[in-house]
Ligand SMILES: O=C(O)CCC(=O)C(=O)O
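Let's start with one chain on its own, the form predicted on its own, as structure tokens.
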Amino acid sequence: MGSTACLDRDATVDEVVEVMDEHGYAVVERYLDADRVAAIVADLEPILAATPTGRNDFEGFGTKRIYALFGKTRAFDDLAVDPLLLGVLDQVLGHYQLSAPTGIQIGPGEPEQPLHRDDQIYPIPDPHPELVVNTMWAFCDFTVDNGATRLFPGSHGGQPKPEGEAIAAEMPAGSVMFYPGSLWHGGGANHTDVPRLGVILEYVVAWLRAQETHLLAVPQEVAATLPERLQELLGYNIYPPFVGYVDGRHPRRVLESRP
């Protein structure tokens, strides 16, 4: 992968947004230290052990996907509200919420995932402002051989399916890649005998429906214990002036009124 889209862990919000605007993606290398990576991997191991492999070509028959992530682990609570991440989202999306946070373990022998755009699920004509921003967090070294995300640089902004060869978003463990929902990409093939583990924290503008229904995926008794900002990102939010209210009030009041 070209180094022009790679930044160091001290990158600013403006730098990430500038690189993402130019190339369609931006990688902040080694944003998490090795101890944090190891702790998250250890936390996910028992969840992965109980997670089935995919049901179709898109999910990947040899790939495990941890859905309802915030209902199963607390390992990503702080990352979901990380200041660098929220700063990028503030600039690109404005008002937003979590859409499809998912752990993805690509198993040995898994072929390439079909190319797609994350914003294709919304029937909104191109071109349009960015609706989705995704982050891919690497919990092992992402390489060409083990299934690093394939992407087409510059294919964002509502373009038709690109031609030519995709590149592999290679990055060391602990790195995070930012990319908009309009970028053409897909999971890579794993030609090794070791799974490739990554986690996506995907966000969507708050006036669109999130891919996953977090109000059901995360039990209310769990949501009530979470920081206020994370509650908002999980759907207990209002898109100004009043989209998302419950009985005429902010949905967070539902959590506050629990016994």
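Values in this document were obtained by computation on a predicted structure and should not be read as measured data. Throughout, we count residues from 1 along the sequence that is shown.
Not pictured, yet referred to below: the form predicted together with this ligand.
This chain appears without its partner; in the predicted complex, the one residue of T135, S175, T149, S99 with a heavy atom within 4.5 Å of this ligand is T149. Among the residues E130, E110, E170, D118, the one placing a heavy atom within 4.5 Å of this ligand in the predicted complex is D118. Of the candidate stretches 23 to 31, 224 to 232, 186 to 194, 36 to 44, only 186 to 194 has residues whose heavy atoms lie within 4.5 Å of this ligand in the predicted complex.
Proximity of I106 to this ligand in the predicted complex falls within the 4.5 Å heavy atom cutoff.
Within this chain, W207 is remote from the site of this ligand in the predicted complex, having no heavy atom within 4.5 Å.
Taking non-hydrogen atoms only, R65 approaches this ligand to within 4.5 angstroms in the predicted complex. At the 4.5 Å threshold, heavy atoms of F58 reach this ligand in the predicted complex.
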